[in-house]
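Quick setup: one chain, the form predicted on its own, written in structure tokens, and binding and motion questions come after.
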């Protein structure tokens, strides 16, 4: 069964009802290694060797974060810049992550209509996630469709958090259907899971 690594990057988790509910729901999923990057590295002093070792020990990496200014929070960017270094994730000898899966689990303050052509943000949310997708590609990882909740500020977190726990459990049981790599985004009611 695939080993799953769930990394949370939220600088204000105590005030986030949706991301906190997702984090709590994930706690009940067996076989998932979890780490809160802001709790672990409040001063951004990332232990690169430890983070790389953790990546090597897992086949599926799930990054959970709120979309801030069309990207991830600052610590997540630092983590990517430092951990996925040349010779490890890309470049000469940088094949250590080949074949692994990268999936994002994100929340947005804006509604789905705001993340549509002609909407307030002028682009679909997947467009803003292109740097993450390209990071996966450069590192030899497969990029799974992101698990997204739009309008998180006003949403009831229960269904989304439960869907996130189902998704993590499906990864650990190797029950995620291949179309997870073909969809633009996933939501709690569009999870491509197989029977089993």
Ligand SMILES: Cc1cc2nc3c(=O)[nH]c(=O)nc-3n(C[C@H](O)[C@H](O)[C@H](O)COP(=O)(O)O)c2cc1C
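What you are looking at is a predicted structure, and each value in this text was computed from that prediction instead of being measured. Numbering follows the first chain given and starts at 1.
Just so it is clear, the following notes concern the form predicted together with the ligand, a form of the same protein that is not shown.
- Of the stretches 159-167, 65-73, 26-34, 44-52, only 65-73 has residues with a heavy atom within 4.5 Å of the ligand in the predicted complex.
- Comment: the ligand is not present in this chain, but in the predicted complex one of 117, 99, 109, 91 has a heavy atom within 4.5 Å of it, namely 109.
- For the candidate set 152, 141, 60, 145, a heavy atom within 4.5 Å of the ligand in the predicted complex is found for exactly one residue, namely 152.
- A residue is said to contact a partner when one of its heavy atoms sits within 4.5 Å of a partner heavy atom; residue 186 fails this definition for the ligand in the predicted complex, lying far away.
- When the ligand is considered in the predicted complex, residue 175 lies well away from it, no heavy atom lying within 4.5 Å.
- At a distance threshold of 4.5 angstroms between non-hydrogen atoms, residue 18 is in contact with the ligand in the predicted complex.
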